[in-house]
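In structure tokens, the next block holds one chain alone, the form predicted alone.
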Amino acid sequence: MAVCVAVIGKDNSPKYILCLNPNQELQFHYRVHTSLDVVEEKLKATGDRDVRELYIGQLYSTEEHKIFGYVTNTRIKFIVVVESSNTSLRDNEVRMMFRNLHSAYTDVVCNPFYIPGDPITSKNFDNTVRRIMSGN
């Protein structure tokens, strides 16, 4: 389903990035960081209104990939990259991926041994992300 999942901190520093193909990791880092500009534009467009919708939607697409975004209330950004050839992927499936990712992230942050701002190294979080990427 997804080929890359990233968790980006409120200061736009990567907290976690996982790609299916390690040979394309640099390419996905670039795509994730360029999508942050689109996320910031969409956040500025909403202004200071109380926005309950955390799902931003499709940020942009290329010939090979579609990039989707999600921002938590604490300004943590989740970026998911899927292949453009996956035409059976519906919007509610992408939303469900983000909900599962947000739930796993919440579990990591609630761990008393996690220091906020540090990269995410939790094995449970990694397993959840791999399950999301495989489509299960």
Partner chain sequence: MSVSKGLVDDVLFEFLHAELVSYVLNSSKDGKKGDVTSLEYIGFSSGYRIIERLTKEWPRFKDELETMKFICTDFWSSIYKKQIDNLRTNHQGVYVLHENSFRFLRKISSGRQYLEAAPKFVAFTCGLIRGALANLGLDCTVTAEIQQMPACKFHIQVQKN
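Computed from a predicted structure; not experimentally measured. Residue numbers count along the first chain shown, from 1.
Omitted here: the form predicted in complex with the partner chain. The next part is about that form.
Colleague: For a quick test of understanding: in the predicted bound form, does each of 74, 105 and 110 have a heavy atom within 4.5 Å of the partner chain?
Modeller: Affirmative, all three are within 4.5 Å.
Colleague: Which residue, 56, 36, 94, 67, is the contact with the partner chain in the predicted bound form, using a 4.5 Å heavy atom cutoff?
Modeller: The residue in contact is 56.
Colleague: Contact with the partner chain in the predicted bound form for residue 22, defined as at least one heavy atom pair within 4.5 Å: yes or no?
Modeller: Judged by the heavy-atom cut-off of 4.5 Å, residue 22 is well away from the partner chain in the predicted bound form.
Colleague: Can you pick the stretch from 82 to 90, 22 to 30, 59 to 67, 95 to 103 whose heavy atoms fall within 4.5 Å of the partner chain in the predicted bound form?
Modeller: Residues of 95 to 103 come within 4.5 Å of the partner.
Colleague: Taking the partner chain in the predicted bound form, which residues of 1 to 37 have any heavy atom within 4.5 Å of it?
Modeller: Contacting residue: only 10.
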